[in-house]
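Next up: a single chain in structure tokens, the form predicted on its own.
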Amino acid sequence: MYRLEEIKRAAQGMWSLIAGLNITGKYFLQPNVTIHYPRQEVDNLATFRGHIELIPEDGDPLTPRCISCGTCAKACPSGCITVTKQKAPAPTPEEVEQGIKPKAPKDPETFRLDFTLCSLCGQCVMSCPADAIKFSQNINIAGYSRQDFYFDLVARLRSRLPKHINKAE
């Protein structure tokens, strides 16, 4: 009785080994999909998902298309996005007399991403009503500390522009 159980267990192990070798053999004969960086460069980054980035307005490359609605932050299951709206400017004396309240700009004051928490699920990109977020194609992101992966995406958008266009400096 004791030997019969050992034989069954050995047969199950052998069957598991054969099934595993079958799968390994099938993929062993297929072409290699691994790229040996830096000897080879990535050709097609269409499906690559890096951290998210803000998309600028069509007419103004310094202003993000974002309308500060916070839908991306609400949709994020990791809670890695923080959007801060700009405050309305102080009313001028004429506006106070007329009872007019100045409106706050729609673009965000800050748009922060904690990439250490991001799971790259894409919920923020899909939920954005203004199509203001996209995945970056930065394949060379690296850092020495956690702080290297905390991004202010508004500042990042403005820093990517050439120096002669950048009004922030």
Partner chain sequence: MIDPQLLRILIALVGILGFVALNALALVYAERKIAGHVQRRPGPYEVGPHGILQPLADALKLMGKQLTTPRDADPVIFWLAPILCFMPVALCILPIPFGPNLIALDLNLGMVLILAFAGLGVLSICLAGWGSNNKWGLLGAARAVAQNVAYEIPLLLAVLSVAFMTGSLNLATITEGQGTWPWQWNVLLNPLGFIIYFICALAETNRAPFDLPEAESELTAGFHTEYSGMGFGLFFMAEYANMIVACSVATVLFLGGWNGPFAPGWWWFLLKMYALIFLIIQIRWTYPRVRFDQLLNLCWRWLVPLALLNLVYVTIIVKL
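So that the term is clear: the rigid core is the largest set of C-alpha atoms that superpose within 1.5 Å between two forms. Everything quoted here is computed from the prediction, not taken from an experiment. Residue numbers count along the first chain shown, from 1.
Beyond what is shown, the protein has a form predicted together with its partner chain; the following relates to that form.
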Report task. Mind telling me which stretch in 126-134, 139-147, 30-38, 112-120 gets its heavy atoms within 4.5 Å of its partner chain in the predicted complex? Result -> 30-38
Query - Contact test, all of K85, E95 and I100, partner its partner chain in the predicted complex, heavy atom 4.5 Å - result: no
Requested in this report: Although its partner chain is absent from this view, report whether A155 comes within 4.5 Å of it in the predicted complex, heavy atoms only.
Outcome: no
Report task. Please run the contact check for T24 against its partner chain in the predicted complex: heavy atoms, 4.5 angstroms, yes or no? Result -> yes
Requested in this report: Align both forms on the core first, then report whether L21 has a C-alpha shift of 2 Å or more between the shown form and the other one.
Outcome: yes
